[in-house]
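A single chain comes next, written as structure tokens; it is the form predicted alone.
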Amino acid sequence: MRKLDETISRIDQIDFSMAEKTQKRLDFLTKPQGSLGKLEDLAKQVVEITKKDNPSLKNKVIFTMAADHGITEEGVSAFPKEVTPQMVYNFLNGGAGINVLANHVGARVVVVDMGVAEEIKVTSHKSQVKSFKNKKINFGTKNFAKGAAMARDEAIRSIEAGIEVFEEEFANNGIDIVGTGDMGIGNTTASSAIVSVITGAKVEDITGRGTGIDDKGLSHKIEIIKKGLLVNKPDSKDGIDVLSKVGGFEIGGLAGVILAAASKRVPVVIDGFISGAAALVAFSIEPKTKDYMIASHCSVERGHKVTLDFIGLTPVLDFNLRLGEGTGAALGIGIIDASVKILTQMATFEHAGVSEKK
């Protein structure tokens, strides 16, 4: 049995059998019932996912996966593809937005080369070695305006590489909650194609400006995506086919992380648009993953809201974010951790000696 099939077979349907008990516990805390709103809902979701009355989110991990995209040959991005490896080194040196926000919430960042178009040379520095994983499937995808972005076997291997990365970190260091993050020039083009195919939305309704292209660039980007869909004719009911035809290696890797997290009953916090496209692929492969996902925020990218609505996820934040890297996931993890601490650390009326509502 392939690792992908084995992982899918271990994903349980969440039955919400602990919801009533958890709600009663929340209602007896020293506050008016329901007064902490979404925080209470998040705490209940973590209890249901983990099947633990007193969950602890000590081990927080964000996987930031990087890969290059052949579609950049079509001039769909404001930045050159050389930025992808440059940013990987920035992650490893601790200088990126994700490093700052992950440190802020006490999460460790694992940087994964899923398909960067050059070899990443990691120094012998202990922190770099520990935080980097080489799972390169290929040196970037092919130009999907001319043919498939990757072979079907490469798509499966990218998903399985994401599963492997999660399982390795889970076994070696433990994971209580996981966030998804991305880096790859051209990946909003690939993500827009994925979202359009799986949700059925029009390309022009879900394609955004990515790294900051102008109106002319946006029109060109939309036409290139339409051309790619016409050339490849991806099957909307087959997430792996969609990934192989118009996707990216980092998107496949993130889908693998989501599947692996669900198989281990670990809450998975989805970042922005690229992570949303990966969530769509995972959801298409195994719909049960939906209840293990928590959407950290709604991106400025137009297709992200369409993606979240299609899966059935409500974002925790709406901060006009569009950086990626896992930055939104880091913020979301901080809030989710706060929700769990409310459940497990706040006193009840009885223990605090506070009078209850009459």
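Model, not experiment: these values are computed from the prediction. Counting begins at 1, following the sequence as shown.
One more form of this protein should be noted, the form predicted in complex with another copy of the chain, which is absent from this view; the next part is about it.
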Task: another copy of the chain in the predicted bound form: contacting segment from 243-251, 80-88, 195-203, 217-225, heavy atom within 4.5 Å - done: 80-88
TODO: Using the partner position in the predicted bound form, report whether residue 44 sits within 4.5 Å of another copy of the chain, counting heavy atoms only.
DONE: no
TODO: Report yes if any heavy atom of residue 345 sits within 4.5 Å of a heavy atom of another copy of the chain in the predicted bound form; otherwise report no.
DONE: yes
Task: another copy of the chain contact at residue 34 in the predicted bound form, heavy atom, 4.5 Å - done: yes
TODO: Considering only heavy atoms, tell me if residue 208 and another copy of the chain come within 4.5 Å of each other in the predicted bound form.
DONE: no
Open item on the list: Can you work out which of 294, 26, 311, 331 has a heavy atom no more than 4.5 Å from another copy of the chain in the predicted bound form?
Closed with: 331
Open item on the list: Pick out the residues of 90-104 whose heavy atoms come within 4.5 Å of another copy of the chain in the predicted bound form.
Closed with: 90, 95, 96, 97, 100, 101, 104
